[in-house]
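Shown below, as structure tokens, is a lone chain in the form predicted alone; questions about how it binds or moves come after it.
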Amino acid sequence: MKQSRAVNILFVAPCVFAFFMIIVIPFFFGLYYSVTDWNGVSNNVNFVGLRNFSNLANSPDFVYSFLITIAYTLINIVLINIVSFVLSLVVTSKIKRRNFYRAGFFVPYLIGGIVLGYIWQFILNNILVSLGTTYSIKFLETSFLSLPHTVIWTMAVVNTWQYAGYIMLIFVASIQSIPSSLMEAASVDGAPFISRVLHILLPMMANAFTISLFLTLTTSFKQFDMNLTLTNGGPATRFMDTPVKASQLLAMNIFNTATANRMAEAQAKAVVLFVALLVVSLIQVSVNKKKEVEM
């Protein structure tokens, strides 16, 4: 027993060591630097208290990025979960080649965010605009990425195209775990398909929706790679009488602040992102768990 425990500790030790070195220790260092004036270059670090945090409320670019990230997250949650649920219904139906469709819907998730952003940037800025110009289609003549009021929606659609297949698999696993006799009995009783979905599938898939909402929420809040390659934060717009980047999400705002050698300010923004994500995630999971019990 003692030998087995020692072996287990030896196997776990490298993972625990890596976790502390990569996650835990840098996290506490980040908390420390968020209350200093560290610029990432100088070794002279002075304690400034909560000044970095108080300045964020007066920073138009940060406030705008925070608000636009919330809007982007809400759009993603709705789009991804609706599309994923519809796809899961398609691939679990009696349609021919459903396994082929299942694999096809999942493939976009395998494309990295950097590559995905460049591909869709080319499609939106070149192919669609060329089609619009050639065939005089007014709404395609201007790239959706160049308009402040459409860029966030466009990013959400691209993210849905990539991420829906992954969430679909969670729904598929949940649907397959539901006894088919329930749906068959409801069908024999004359219940239409929509009623069977609303009154049988959805209540019994509550745990799957808890997971899918959590994943889409956290992924959207932390979105960076696609934001960088697809729009690079553009186009420009105005907020609080100040020019800001219309699609610069919070993660990208933190990155740009850090690359400008304002490391302490960037770290303060990162702490705010962490706290906001932690609070929202805990609330979302607790609310969904209560609904699971009620159902």
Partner chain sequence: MRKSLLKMVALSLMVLMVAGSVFGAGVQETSKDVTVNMFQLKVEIKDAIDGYAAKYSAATPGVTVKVETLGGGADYGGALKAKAQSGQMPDIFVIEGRGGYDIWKDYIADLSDQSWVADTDLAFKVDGKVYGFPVAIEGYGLAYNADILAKAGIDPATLTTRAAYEKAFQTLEAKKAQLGIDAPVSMAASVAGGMWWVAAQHNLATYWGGGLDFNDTSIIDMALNGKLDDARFLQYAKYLQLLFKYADQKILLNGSYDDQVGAFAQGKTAFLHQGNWVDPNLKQLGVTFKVGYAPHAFLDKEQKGLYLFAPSWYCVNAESPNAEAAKAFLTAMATTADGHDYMVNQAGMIPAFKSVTLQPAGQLSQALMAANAKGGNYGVFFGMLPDGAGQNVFGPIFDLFAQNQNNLDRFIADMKRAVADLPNM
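Residue numbers count along the first chain shown, from 1. Source: prediction; values computed, not measured.
Keep in mind that the form predicted in complex with the partner chain is not shown, yet the notes after this line are about it.
Next item on the list: Using heavy atoms only and a 4.5 Å cut-off, determine which of S220, Q121, T160, T92 is in contact with the partner chain in the model of the complex.
Entry: Exactly one residue meets the criterion: Q121.
Note to self: Looking at A206, L79, V129, I170 here, can you tell me which has any non-hydrogen atom within 4.5 angstroms of the partner chain in the model of the complex?
What the structure shows: In short, V129.
Next item on the list: Would you confirm whether the three residues S84, P179 and S187 all fall within 4.5 Å of the partner chain in the model of the complex, going by non-hydrogen atoms?
Entry: Checked in the model of the complex: no contact with the partner chain for any of the three.
Check: Though only this chain appears here, would N39 touch the partner chain in the model of the complex if you measure heavy atom gaps against 4.5 Å?
Finding: Residue-level check for N39: yes, a contact with the partner chain.
Checklist line | Contact flag, A57 vs the partner chain in the model of the complex, heavy atom cut 4.5 Å | finding: Residue-level check for A57: no, no contact with the partner chain.
Check: So, in the model of the complex, is P148 in contact with the partner chain at a 4.5 angstroms heavy atom limit?
Finding: Contact check for P148: yes, within 4.5 Å of the partner chain in the model of the complex.
Next item on the list: Using a 4.5 Å heavy atom cut-off, state whether V244 contacts the partner chain in the model of the complex.
Entry: V244: yes, in contact with the partner chain in the model of the complex.
Notebook entry, point to check: So which residues in 226-252, when you check the partner chain in the model of the complex, have a heavy atom no farther than 4.5 Å from it?
Noted result: In sequence order, T231, N232, G233, G234, P235, A236, T237, R238, M240, D241, T242, P243, V244, K245 come within 4.5 Å of the partner.
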